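Encoded as structure tokens, the following chain is the form predicted alone, with no partner shown.
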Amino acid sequence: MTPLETGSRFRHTARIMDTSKFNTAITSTKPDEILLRGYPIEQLMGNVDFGQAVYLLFRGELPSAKVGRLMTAMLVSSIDHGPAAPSVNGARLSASTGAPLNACVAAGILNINRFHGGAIEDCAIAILEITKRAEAESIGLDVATENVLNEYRQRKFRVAGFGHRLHQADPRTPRLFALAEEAGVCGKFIETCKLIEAGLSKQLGKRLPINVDGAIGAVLLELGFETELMNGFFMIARVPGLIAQSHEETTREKKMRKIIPGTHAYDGPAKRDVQTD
């Protein structure tokens, strides 16, 4: 085979195997220009808050300031929940071994699964099932909720997003619902979430309050988010906490120590109120 033939064959093979090109509608990067969903990043900086930017990233359009505030509140609500949380415990354990910060955070994120952080998506799926049942059967949300919960009980299926191992009444839930009402997005999904709370409490003979995961699931449905994205919000929210907890472990504790969840003692600032302008 001549060199010319060899070169021609190589170019033909390269054209067939070239899979480097694909389309994306998220971010455009060119010399001296970064566009996020079409918006110049420098125009977003200082003009929108982080919650609005996250909404833009996932939904493709900028939300109102009130919806952005609601988005930010959701992220703040799950930023940290102390060293006993499985994600934090995993991050601190990795930090204790001398792992770098990125590995510690990754260890924490890998501990976010169905039973830790996964309740957001699972609760939203249950809410959707009820709202779709109500629409399909032309019945009220209250009736649909009762029917679905009875079916769940017969199957011994536990509805995620209700009750909490620590809180008798999760203080984050009413705040999120209040902000959702302020943003004008308090509709059938939040209503259904509250109906589930009432139905479960009736079944069990004791109050089973909506926890922050259930509240976030309901609010994200009101905002139009797909359920498969929802647990990602918990991951986004938890990263700053994992960084802070990993750094504290590295700088305050002995190396390779035995970390037992729940044995920590808080020695930070006493309870104080946020000062607003």
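These numbers come from a predicted model, not from an experiment. Heads up: residue numbers just count along the shown sequence, starting at 1.
Beyond the structure shown, there is the form predicted in complex with a further copy of the same chain, which is absent from this document and is the topic of what follows.
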{"query": "4.5 Å heavy atom contact, Arg133 to a further copy of the same chain in the model of the complex", "finding": "yes"}
{"query": "Contact flag, Leu35 vs a further copy of the same chain in the model of the complex, heavy atom cut 4.5 Å", "finding": "yes"}
{"query": "Heavy atom of Gly184 within 4.5 Å of a further copy of the same chain in the model of the complex", "finding": "no"}
{"query": "4.5 Å heavy atom contact, Asp170 to a further copy of the same chain in the model of the complex", "finding": "yes"}
{"query": "Single option in Leu179, Leu200, Ile190, Ala144 placed near a further copy of the same chain in the model of the complex, where near means a heavy atom within 4.5 Å", "finding": "Leu179"}
{"query": "Partner contacts in the model of the complex for 227-249 (non-hydrogen atom within 4.5 angstroms of a further copy of the same chain)", "finding": "Glu228, Leu229, Gly232, Met235, Ile236, Ala237, Val239, Pro240, Gly241, Ile243, Ala244, Gln245, His247, Glu248"}
